[in-house]
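Only one chain comes next, encoded as structure tokens, the form predicted alone.
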């Protein structure tokens, strides 16, 4: 999933540590939500709400029609035909987290609300089908999905309760931080190597310049 450049969400900033919007951005998002709330009921609802929701996500993302429908049913889990600001805010944060490659960080910081979103049946457990269905939002790789139920399904019922899901988010966050650390060390090594190469080149240049000056003086004395 990608945000469309120049759309409203493109200009919002998601804090990389807590995966939340700043107060200023939240105020802007509230105003945007009120523009979509044509009935002034502090919810997105009405006869043409599905059409409005589709055009909103189609305008700001590259999600397909089927994916947008899946997102709508995830947010409107009680089939009330409406979405409040809290749900809208969560959706925006999910989209921004994926755009900024902060999926692991987001799942770790907001494991409870994400678990509740994925728990469509209200049974306090989520199955592999749920995660697979919404994988385009959280970018969980296939091997991660497989390992998720193999390593964290402690009860062995092929379902994850919240504690098991939380363990998965902690494990994913640890792996993410390790990869970030390794990438940072790799960049530092590359920068150090480039610095050394530049120093050697500068030293060679100065040496060559000194040799030419010596030859010039020698020729002049002759």
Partner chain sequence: MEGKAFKASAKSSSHPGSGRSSLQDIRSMWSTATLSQPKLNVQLPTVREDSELEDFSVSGKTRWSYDQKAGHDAEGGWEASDGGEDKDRFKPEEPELGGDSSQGSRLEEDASKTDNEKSTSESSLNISRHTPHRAYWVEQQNRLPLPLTELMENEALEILTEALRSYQSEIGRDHSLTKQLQRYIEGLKRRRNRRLQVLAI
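Bear in mind that the values here come from a model prediction, so they are computed numbers and not experimental data. Positions refer to the first chain, counted from 1.
There is also a form predicted in complex with its partner chain; it is not shown, and the following applies to it.
Of the stretches 170-178, 154-162, 185-193, 59-67, only 59-67 has residues with a heavy atom within 4.5 Å of its partner chain in the predicted complex. By the criterion of a heavy atom within 4.5 Å, residue 197 is excluded from the residues contacting its partner chain in the predicted complex. None of the heavy atoms of residue 201 is located within 4.5 Å of its partner chain in the predicted complex. In the predicted complex, its partner chain stays beyond 4.5 Å of every heavy atom belonging to residue 205. Annotated contacts: 13, 27 and 31 all touch its partner chain in the predicted complex [non-hydrogen atom within 4.5 angstroms].
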